[in-house]
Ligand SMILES: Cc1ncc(COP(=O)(O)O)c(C=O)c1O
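Below you will find one chain, with nothing else, as structure tokens; this is the form predicted alone, and questions on how it binds or moves follow later.
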């Protein structure tokens, strides 16, 4: 079928989408009016929409397609498992080989403190499971008063009923009666917006002091855990100074609260090593992962925990009583088989490639600091952002009425490139770990063209302040 022949079908799908499909984190009525961008194919780093328009994906789907699209060995792993055992419950002591081998593999490659794995279907579920396990842990050890959770401003920990409260982005709270009274935040370690830009130790010290102050305010006997992303993703790709994660881990240990690292975005080579924790030798009490675990090919996540947490829960329950947490699709054998193959690809060249091209990615972002719209470039591994400002000296943003993010998204689509245009004028990038130097050349060519095209609008140029 040619693209022209497919257009009537695309138009029909467009109408059905507007009428029936609820999209995540979308303005529903606006979506009904504008309609979807229907994707029909993908290969390597390229997406194709229903009109045949080719898009270079500089965001790996949603920070997840780390091995690129169309990896045939991953498709085969899923197909073979579907033929052999398409489903196996984890209830009633049933198990499957892929799930068992994946749990073992995750224990091998994650920080040594993590010895037990609960398999989920994604990041939000992994966070929700972590919270439930933490509540169970403190009840089991006779500290039922420890029910308060601390996270970072601008943090993102999913959109479940509980996790969306740990998330510190207003859109996830509005109308949902969140955050809960037990959910609290400390300032984000944002070097670009820090009181003393360039003083890394001051940023680290301020975060440690803020955590200590918040625990003191709530009461040491009331605080259960501190949740953080090693690099804040949906909050605008906030990259803390090196040493920040280690310092926060040590502070949490001294305060006798559990330290939970959310590596849903940063895991599986996104920041260079297999996990961001590895760069600083951090050993969390719990870790959540998803996205790159299966490279987005099928849904799966995991909540990993230390033996200390596991043993307390296991031994704290009445003898023979089940721990009341579970889901139909936990440890799904097809997802586990896919994850095992994706992990093999990481270890047999994909991670090394991502590390080898990271300097090209970093240089490309840094070079765009010369553009009139760009105030900051930040990155680690293949995770990065540009922050757009109306005045480079004052770091002032743009009036929301200008809708700069909407302009960036629409213009980039026309120019054949996909990235994340956050609502506060930050552009996020998470290219597949399979990118080559020439891929980056094309990516930055299209990105610069997009910035130039947006700047060419008279109202945007008028908004710039000398």
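Positions refer to the first chain, counted from 1. A quick note: this is a predicted structure, and the numbers were derived from the prediction, not measured.
What comes next is about the form predicted together with this ligand, which does not appear here.
Trainee: Hey, in the predicted bound form, does residue 122 get a heavy atom within 4.5 angstroms of this ligand?
Mentor: Contact with this ligand, yes.
Trainee: Just to confirm, residue 269 within 4.5 Å of this ligand in the predicted bound form by heavy atoms?
Mentor: Close contact is absent here: in the predicted bound form, residue 269 is far from this ligand, nothing within 4.5 Å, heavy atoms only.
Trainee: Can you check whether residue 332 is within 4.5 Å of this ligand in the predicted bound form, heavy atom basis?
Mentor: No, no contact at 4.5 Å.
Trainee: Going by a heavy atom distance of 4.5 Å, is residue 69 a contact of this ligand in the predicted bound form?
Mentor: No - in the predicted bound form, heavy atoms of residue 69 and this ligand never come within 4.5 Å of each other.
Trainee: Which residue, 398, 419, 63, 440, has a heavy atom that falls within 4.5 Å of this ligand in the predicted bound form?
Mentor: Of the listed residues, the single hit is 63.
Trainee: To verify the annotation, which of these, 248, 265, 336, 166, has a non-hydrogen atom within 4.5 Å of this ligand in the predicted bound form?
Mentor: None of the others qualify; the residue that does is 265.
Trainee: Name the stretch: of 184-192, 85-93, 153-161, 369-377, exactly one has residues whose heavy atoms fall within 4.5 Å of this ligand in the predicted bound form.
Mentor: Heavy atoms within 4.5 Å of this ligand in the predicted bound form occur in 153-161.
Trainee: Which of the residues spanning 216-255 lie within 4.5 Å of this ligand in the predicted bound form, based on heavy atoms?
Mentor: Heavy-atom contacts to this ligand in the predicted bound form: 229, 234.
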